[in-house]
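The chain below stands alone and is given as structure tokens, in the form predicted alone.
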């Protein structure tokens, strides 16, 4: 792979910026300053650094975001502000997209990736990947048995059995294995209740990092990536990442 393409693909520097950095002696490969931005490297074996900071290779990008209220889970929207606008400009070229959706007024764990095959597998109705939501309702939650047995929504659809863990009279954690449009809100509406706060705290093997404030994000750790890829039934992506350390 060309050095400048590697740096561009890793959202570190554009090709023109890479050329300028090479001329300034700011880029090293295996500890040696390079004199050509179009030289070839092996991204899985060579150590590339910019200004002394190692650039780690990722075949695919997996980002955990703590989505805030008021953003839509989309790559582009002419009328609304999308979650991608919470990322720095240099991340826009990675072709990231949300794996699944959270409503505009919902918050919490949102996975962003550029691995379309894995995203399709994780969202496939056949896999029933669990999603966990913290739910706060307008009134005391009653009829939990109906949620756990499978409740019939207003349009006639009957949901799969869910799990509800009550924490207070009006709140708790709901685990579902499907993802129909506005499903959680519609499930509680079928009980005659209204969801006033909806926060996703779990998606498959991932748990929302509580150290992330609303709107903040980080790359998945190696362990999280392996669990996610296993949940999607895909082969482990070949990459070299910084062990046990998250970075932005």
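Quick caveat: nothing in here was measured; it's all calculated off a predicted structure. Positions refer to the first chain, counted from 1.
Not pictured, yet referred to below: the form predicted together with uracil (URA).
- Interface membership of residue 58, defined by any non-hydrogen atom within 4.5 Å of uracil (URA) in the model of the complex, is ruled out.
- Although the partner is absent here, residue 109 sits far enough away that none of its heavy atoms falls within 4.5 Å of uracil (URA) in the model of the complex.
- Among heavy atoms of residue 184, some come within 4.5 Å of uracil (URA) in the model of the complex.
- Although the partner is absent from this view, residue 198 contacts uracil (URA) in the model of the complex, with a non-hydrogen atom inside 4.5 angstroms.
- Contact with uracil (URA) in the model of the complex, defined as any heavy atom within 4.5 Å, is confined among 27 to 35, 184 to 192, 219 to 227, 203 to 211 to 184 to 192.
- Using a 4.5 Å cut-off on any heavy atom, the residues of 85 to 116 that reach uracil (URA) in the model of the complex are, in sequence order, 101, 102, 103, 106.
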